[in-house]
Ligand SMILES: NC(=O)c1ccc[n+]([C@@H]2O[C@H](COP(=O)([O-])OP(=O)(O)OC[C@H]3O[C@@H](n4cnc5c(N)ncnc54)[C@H](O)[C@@H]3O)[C@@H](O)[C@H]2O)c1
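Here we start with a single chain on its own, the form predicted on its own, put down as structure tokens.
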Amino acid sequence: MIGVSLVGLGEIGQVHLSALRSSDHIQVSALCDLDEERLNGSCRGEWLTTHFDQILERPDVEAVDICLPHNMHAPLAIRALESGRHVLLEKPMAMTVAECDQVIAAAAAADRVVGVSHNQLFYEPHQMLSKMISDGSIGDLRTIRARLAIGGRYGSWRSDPSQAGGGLLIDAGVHRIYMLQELGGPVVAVSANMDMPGMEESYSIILEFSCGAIGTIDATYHGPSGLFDDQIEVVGTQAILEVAGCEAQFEGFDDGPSLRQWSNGAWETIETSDSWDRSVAKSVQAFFEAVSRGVTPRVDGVTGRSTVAVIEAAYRSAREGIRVELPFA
């Protein structure tokens, strides 16, 4: 068992809390949130506080799960790591590559582990998609297309670039970036077009992979009210694969099979079942179970940083109107 304190009890924090409580490897030792009413309403006997530093004084807190606005990820993660705690961060790892580097350095200095909840890597249809690409079932990979359409901009801190770090790309768009990295491999160059870089509500991105394939992402907040449309399509020399989005299912817009394949002139449904909330639970539990076993988590700080690096390159590309090359990190 590993003692964990959850910091931040908003919408995603509640999903993390359910995941923590349902794991045999985790003891929820403390909860932390500025909203006392939310704290008390979430409590099942855990120790409660509105002060982050107080949880770092408790011997029963071995790790911290941070579900807060993006601008708070790096500073609180560093404080937790320096106090000797392992840290799980909600996506994105931080707002900039420089912040990611600071967090990674703090983890190394303290000999602690930092990870990021890239939950869609744990979504079963996405895992099957990744396996079919890697085992050659679709032939040579040529293109990956991801799309995201939301009916209206998110409110609260998510609409404030000083807290979010940008607009749609660094918020819901993060999932598209790390999924294309998972499917296509290392990104070597990025070209992007955005309506308002840093406050973007619509954008298109081209990713060039080291394998020679191309990835494209188009996203917008300007869909019809209530819409959340999220899909991935992969084109290979022998087959096309389509996945109905993880979050689209969560929002109730799944109108077809989760995964299907076109080859030999016909479509085939590949049976699979999962949900957005289960993918989050698996992501959270996998990190703390890896830490408790002393193994490297599926998404560590280096992996989280690589996603932020692609996002940062996309912002630079959109602002300067250039193609931005990346190392094979």
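Start at 1 and count along the sequence shown; that's the residue number. Only a predicted model underlies this, so the values are computations on that prediction, with no experimental measurement involved.
Only in words, not in the display: the form predicted in complex with the ligand, which the text now covers.
The candidate stretches are 199-207, 232-240, 68-76, 97-105, and the one lying within 4.5 Å of the ligand in the model of the complex by heavy atoms is 68-76. Contact annotation for the candidate site: 5, 62 and 82 all lie away from the ligand in the model of the complex (no heavy atom within 4.5 Å). Of the candidates 298, 58, 260, 38, 38 is the one whose heavy atoms come within 4.5 Å of the ligand in the model of the complex; the others do not. None of the heavy atoms of residue 274 is located within 4.5 Å of the ligand in the model of the complex.
In the model of the complex, the ligand sits within 4.5 Å of a heavy atom of residue 158.
Contact check for residue 26: every heavy atom lies farther than 4.5 Å from the ligand in the model of the complex. Remark: residue 43 does not count among the residues lining the ligand in the model of the complex, judged by a heavy atom distance of 4.5 Å or less.
Scanning 12-32 for heavy atoms within 4.5 Å of the ligand in the model of the complex gives 12, 13, 32 in sequence order.
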